[in-house]
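Heads up, the chain below is alone and in the form predicted on its own; it's given as structure tokens.
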């Protein structure tokens, strides 16, 4: 009897081992509306991080900017200047974006990525050396890096994704050398194509504005609107490029947060993958939005 049981036990063990191996190899399902960005070093020769020995772990990022429909579903309001379900949400501060990430995480049964303390001023939020204390909110926001909830991309993650990750073809703009193929910016975001120098009355008369997400050509990873439409908040404090190269997670303190990608009222140069912008965390505008990430 024992001799018969041994082969059977071995067979069961082999089946269980194979099942375990298959489970380990089974690909994790990509969350809805997101794209898996496979990690690695920067391939984009125009990137701020190229050749700086910076490696980005794999992560998920939204295929599109957060839309007004998505915002309203989570937050119950719509702060945007230009109304439309498929338009990117705008007029949102960095703090608004952080709150959205946590509320959406809770709504979907995920662990929030941010710890938000609204009662304590963040000592790392410094006064602007030129303009003083522009940010009077200064919530203390810390992270739980093991959480599976939604978050903002780091500046390095944003640039890695915008440049096409491991599939990068080193385009100036996210997905093309032709800004008009991939970006809504001041010349093409209104009724007619504008020429000459940037001029706000001309933009206003031309009805320049945001456009529904996903209408332009995607980049190498299938991501849309990383150049133009709305500027996108990143997690980081704004700092010098050498600091970013040494530490992709960014500086521990600062006085402004990073935005990337440019927007509908920006010049083409501001929509380039390598351009770095910044704004006080409580700042907002009709060209200021964001997209979300999640850890893999």
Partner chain sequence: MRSIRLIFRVVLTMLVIAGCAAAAANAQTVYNNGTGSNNGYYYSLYSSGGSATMTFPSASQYHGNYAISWSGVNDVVGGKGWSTGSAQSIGYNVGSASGYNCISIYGWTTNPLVEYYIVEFGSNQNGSYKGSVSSDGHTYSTYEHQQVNQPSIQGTATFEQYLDNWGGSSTGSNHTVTTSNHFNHWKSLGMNMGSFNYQILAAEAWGGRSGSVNATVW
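Bear in mind the structure is a predicted one, so any value in this text is a computation, not a measurement. Residue numbers count along the first chain shown, from 1.
The discussion below concerns the form predicted together with its partner chain, not included here.
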| query | finding |
| --- | --- |
| Option from 212 to 220, 151 to 159, 94 to 102, 198 to 206 whose residues, in the predicted complex, bring a heavy atom within 4.5 Å of its partner chain | 198 to 206 |
| Contact test in the predicted complex: residue 130 vs its partner chain, heavy atoms, 4.5 Å | yes |
| Touches its partner chain in the predicted complex: residue 256 (any heavy atom, 4.5 Å) | yes |
| Contact of residue 272 with its partner chain in the predicted complex (heavy atom, 4.5 Å) | no |
| In the predicted complex, residue 31 touching its partner chain (heavy atom, 4.5 Å) | no |
| 75, 141, 134, 147 - the one with a heavy atom within 4.5 Å of its partner chain in the predicted complex | 134 |
| Among the candidates 61, 66, 265, 56, the residue which, in the predicted complex, approaches its partner chain to within 4.5 Å (heavy atoms) | 265 |
| Stretch 260 to 296 - residues with a heavy atom within 4.5 Å of its partner chain in the predicted complex | 265, 266, 267, 270, 275, 279, 283, 284, 285, 286, 287 |
